[in-house]
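One chain comes next, on its own, written as structure tokens: the form predicted alone.
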């Protein structure tokens, strides 16, 4: 089943708390894992790195090794770093702030060189946190509700076609592009075609989840000169299958639905604040007043920008 959610505020607000409420309202759609893509104030001079160490017993040594590796590559890692609240868990999640003059691809290589680490996201404003369990579980461990920002995504997952593992949870970061994340509901039937094409260009995929592919596919289009809006429109006809997805950049949330609109999506605008989700009750968890909702049609594309501009079209 799975469920996706998005929130965009006119002014920075409690996006973490809002997304936790929205995902909690969709717990029945899947509680194998829950994840959040959170967008705070961008800083072009630093990158926020979210990591997971599968073995909690060695995370401090691994962080030290990463700091040395990044320094050797010409960067610098802040000494202070944040960790999750589960002191006795088998794994450990760490947040680092890095200053790095090279490419994100080079930074990924430096972080991975010591080994035994999963990169959940890298961005100037993006922070992806995903873990096993429902929204309350993930919030209790990672403090999602305390996060303030402009926009973000949430996802609740029922693992139907792949394993139940943190790496397979949503949202996915579009490696190696900073600040691009996706939450997706559906299935692609031409996944392997596009995976081969993108791998031939040097992209890597860490799971067999088609959502990870969509994020990289769209980011690559924008890297080659298309606008966010143009890339979304292409996806409606180039991606085969049933899908509804939300893709975030540093300053916008976009959505696209397939030609038959099998997967549901509902959107509400409340005095300029936007909520979007698989189910209306998720939006009502944040906006309890009477809602004027829209239900995007088949082949519909939307881009909601943080400056208030909205682009929409049935393609």
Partner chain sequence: MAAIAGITYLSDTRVEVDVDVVERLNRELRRLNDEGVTEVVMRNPRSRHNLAVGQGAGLKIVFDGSCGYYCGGLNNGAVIEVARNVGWGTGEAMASGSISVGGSAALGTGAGMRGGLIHVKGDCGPRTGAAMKGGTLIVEGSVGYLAGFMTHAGDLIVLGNAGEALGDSLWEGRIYVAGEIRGLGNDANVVEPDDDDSARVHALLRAQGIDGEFPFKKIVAGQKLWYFDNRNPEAWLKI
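Bear in mind that the values here come from a model prediction, so they are computed numbers and not experimental data. Residue numbers count along the first chain shown, from 1.
FYI, the form predicted in complex with the partner chain isn't displayed, but the following is about it.
Three-residue candidate spot 281, 291 and 295; every residue lies within 4.5 angstroms of the partner chain in the predicted complex by at least one non-hydrogen atom. With the partner left out here, the partner chain still marks one of 32-40, 48-56, 271-279, 65-73 in the predicted complex; by a 4.5 Å heavy atom cut-off that stretch is 271-279.
The partner is absent here; in the predicted complex, the one residue of 259, 61, 250, 27 having a heavy atom within 4.5 Å of the partner chain is 259.
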